[in-house]
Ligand code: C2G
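Presented below, as structure tokens, is a lone chain in the form predicted alone.
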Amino acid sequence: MKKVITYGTFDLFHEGHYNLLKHAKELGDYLVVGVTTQHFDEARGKVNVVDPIMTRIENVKKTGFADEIIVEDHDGQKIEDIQKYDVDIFTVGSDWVGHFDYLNAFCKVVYLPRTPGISSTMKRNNSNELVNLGLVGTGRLAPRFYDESKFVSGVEIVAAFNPDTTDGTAEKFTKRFNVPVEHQDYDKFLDSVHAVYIESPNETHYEYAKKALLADKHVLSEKPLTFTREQAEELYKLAEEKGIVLMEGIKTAYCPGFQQLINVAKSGKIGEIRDVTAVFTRIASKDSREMTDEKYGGAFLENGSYPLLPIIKLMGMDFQDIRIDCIDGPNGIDHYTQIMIRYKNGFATAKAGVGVKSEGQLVIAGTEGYIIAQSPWWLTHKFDIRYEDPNKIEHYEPVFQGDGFRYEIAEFVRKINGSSENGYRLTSEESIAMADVVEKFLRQRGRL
């Protein structure tokens, strides 16, 4: 008897799960299926699991493919189970190609092809539905976004759109992830998805987002969402009128550690906040878009939203004055930009760089102490509260998994399913206020 084993969360059971189990069963005579506990999923970085484990087990059982169902609840269990059940073949979906090659020492490893165009196969007892997501753009963010989406329950990336057939990214994306890429017809692409993630060049975000909203598709867009306050207000109003989700993808806003930092700052532990200084810099490749696009490249449009985020959230949207200074490269692109904002009872500084490197930290100064988060504060692995007494330090190390995208994707899915309606992580008003700063920058630079 040839024994096969596979594992999964099997949350919001859908056609992809069904086909995986069907093909796994075809590999042998006896199929063992491991269903992971929610605690183990959380420990390995998966977020947004909806169905309780007994529901997930029952859905696997209903397929009729599993000869035996077990529970996976700890690291190292796969090797234990392979030996315990005398398994001949371990199999999972092709999303995980290479990840489980180490198990070849114990049995044969087979990666099964993914199912394109996923749809639900089980009736729901709740409002949560599988979100078929399309990617607008196949550039450097798309593979990272796809990899992180595997850790979010309730979403499947089923299509992509990229009108550029010359840069090779679409072909690479399709080959790696088996996701079809539409090159010509954006409307056709929209017809195949419930929602979109926009990671195309900055100047295209507004148009792609507007067309998607008009087609009743939920939108998660990379920053900057728009180049003007008026455009941002238009898009959020359109989304509200249609009852669909629009989110700006500043991933820091959705990280649990950043939310904890903001909450601590607002709690009064450091007194009244009087100053916020945030820095985000990196040395970009000389042939990158941000270093070569003279109109829409540069430090501010690429990285400025990150340091603006804590300023807007902590100091507010009602600023009295703003000053923007830039250090330009030979082609006129801003390599380093400093934004100084004056409020009634304080001020703030945001610095962004693509050609100048500085210490990337966030400092929040208050009347009774200050908060400091070292680089990379935008991922918020840890932060300290310090006081006048140098011996008094409060240290925080919040949970953080992956590179941050999974928290953004999870919030998007929750909002689509109506389980995160308040939007406090990044409100539409805050997003519009940042669009206002973007507009001021572009007008000062003569780009609008």
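Since the model is a prediction, treat every value here as computed from it, not as a measurement. All residue numbers are counted from 1 along the displayed sequence.
One more form of this protein, predicted together with this ligand, exists but is not displayed; see below.
Heavy atoms within 4.5 Å of this ligand in the model of the complex are found in exactly one of 384 to 392, 44 to 52, 410 to 418, 61 to 69, that being 44 to 52.
The contact residue chosen from 93, 257, 366, 360 relative to this ligand in the model of the complex is 93, the criterion being a non-hydrogen atom within 4.5 angstroms. Each of 9, 20 and 40 comes within 4.5 Å of this ligand in the model of the complex, counting any heavy atom.
For the chain shown alone, residue 25 is not a contact residue for this ligand in the model of the complex, no non-hydrogen atom being within 4.5 angstroms. Contact check for residue 169: every heavy atom lies farther than 4.5 Å from this ligand in the model of the complex. This ligand is not shown here, but in the model of the complex it comes within 4.5 Å of a heavy atom of residue 156.
None of the heavy atoms of residue 440 is located within 4.5 Å of this ligand in the model of the complex.
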